[in-house]
Ligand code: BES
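The form predicted on its own is given below as one chain in C-alpha cells.
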C-alpha cells in the first residue's frame, strides 16, 4: 500500500472511507469529528448515544454516509481512555481499521492526524499512524497459487493535512515508509522457506542492499573463512551441502575517522539441531533462525535510505545446521577465530558458535558499540514469553539507549543479569569454554559465552527468540514473521544522531 500526504480538509475529501479516531472517555465530539458529525447530520453522535460505538481500544464501526459527505463511509476506530493512550494503542488502532477496510474490499481510505495526541512528539505520532497502517496489512503470498484472485489488497491511504502541518507530516511519513519497508524486507526474508533462503541467497540479498549510496558488501566464502580461522562457524556448516557465507555490509554515512556501530545478526537459514537433532514438531519453523541476520540487514537498509550520518557495519554469519556424516559432533573441540577453544556439548547450541566468530571479528573494526541480534535460546521464551526481547550486555549506557528506543517503538526489551557467577557454568574441563551450560539460566549462560568473544567494546546482546515469529495475529503483526528489532535499532541509531 502507498501512503500519500495531501492538502485539504477531511470532511470535504472524496474517499471510499474516511477514518476517525475517538477516545472512550471524551465527553463530546470536537474538532474534525464534530465537523464531520455536523455535515453528516449527526451520524457519529447517533452511533455513540445509542451505545453502538464506545471507542474502546481498536473497536471499529463503519457508517455509510448516504451522500451526506463526499466520502462513502466513515470508519470510526477507538483509542481507549485518554489517560491510557500510547503510541502502541495508535499503531494497533490503525492496523485494525485498515485490515477491517481491506476485508470489506475497500482499496482506498483517507484520514487526518491529530498532532497533539502526545505533546512534543508529533513525529512519533505520525510515524505510529503509518507503521500501524502498513505493518498491519503485511501479507506473505509469493507461493500462493490456489485462490490467488481472492486475495485482498489495500492500495492507498491519503493523509489529509492543512497548510501549516503539511511539511511536518510529509517528512515524517517519508521516514516511516522507509522504516516499514525495511521491516517488510526482514519479514519477507524470515517468511521464505529454507530452500528459498539459503546462505547464498541471503548473501545475494545483501548485495542488493549494497546498490544504495555509501553501502558496500563483501561476502567471505568457505575457503576465506578457513584461511582466517573461523572454525566455529565452519564447524556448524560442516554437516550441510549449502555453502556457508560470512556477509559484511558497511554503510559510510559518517566521517571516515568515526568508529562504526557494529550490528551482528545470527544467520541460521535452517537449524535442524545437527547431530543433537530437534524434535520433528515445529522444526519447520527453524527457517526463522536467521531472523537476527534479516533484522540487521533491514536496519542498514533503512539507515542508508534515511541517510543517517553514522558509520554502520553489519556482520552476518550465514549457514545451515544439518546432521550428516560430515557434521560436527558432541565432544568435538574447536579453535575459534579469537584463538579460544570451545568444547561442543550440544550441536543445537550452534548460534552462539557462529556468533563467537562474528563477534570476535567485529573487534577488527574498532567499533563504538557492538549489538548482536539472535534467535538464540528457547529459555528466553520460557523466561519472558513471546513478546519481549531479552537484553544482556556489558555497557549500562548502551543498554539504556536501547531501552529508550524500545519504549518508543513498542519492541520491548527486558534486561537479564550477567553476573560473574554465571560465567562458571560455561567453563570447560578440557577446553576454554563449553557451548552449553546446564538447564538453568539458559539465556544468561548463552550470553556469558558470547561475552568471551566480544573484546573491550561496549556490547549488548538481544535474544529475539520469542517475538521473532508469532503463531497468531497480533495488533500490527500478522501471524508469521514480525521483523522485530528493525524499528528498535533504527530508532536507537536515530537517537544517536540526535545526540
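These numbers come from a predicted model, not from an experiment. Residue numbers count along the first chain shown, from 1.
What follows is about the form predicted in complex with the ligand, which we do not show.
* Asked: Looking at the ligand in the predicted complex, do all three of 306, 407 and 491 come within 4.5 Å of it through at least one heavy atom?
  -> The answer is no; none of 306, 407 and 491 reaches the ligand.
* Within 4.5 Å of the ligand in the predicted complex, heavy atoms considered, which of 217, 379, 220, 87? -> It is 379 that has a heavy atom within 4.5 Å of the partner.
* Contact residue in the predicted complex, chosen from 334, 412, 286, 275 - any heavy atom within 4.5 Å of the ligand -> Filtering the options by heavy-atom distance leaves 286.
* Asked: Quick one: which of 346 to 354, 167 to 175, 87 to 95, 399 to 407 gets within 4.5 Å of the ligand in the predicted complex, going by heavy atoms?
  -> One stretch meets the cut-off, namely 346 to 354.
* Asked: Going by a heavy atom distance of 4.5 Å, is residue 319 a contact of the ligand in the predicted complex?
  -> Residue-level check for residue 319: no, no contact with the ligand.
* Asked: Heavy atoms within 4.5 Å of the ligand in the predicted complex: does residue 271 have any?
  -> Looking in the predicted complex, residue contacts with the ligand include residue 271, since a heavy atom lies within 4.5 Å.
* Is there any non-hydrogen atom of residue 33 lying within 4.5 Å of the ligand in the predicted complex? -> No, no contact at 4.5 Å.
* To do: Would you please decide whether residue 58 lies within 4.5 angstroms of the ligand in the predicted complex, comparing each non-hydrogen atom pair?
  => The answer is no: residue 58 has no heavy atom within 4.5 Å of the ligand.
* Asked: Going by heavy atoms, what in 451 to 468 lies within 4.5 angstroms of the ligand in the predicted complex?
  -> Sequence-ordered list has one entry, 465.
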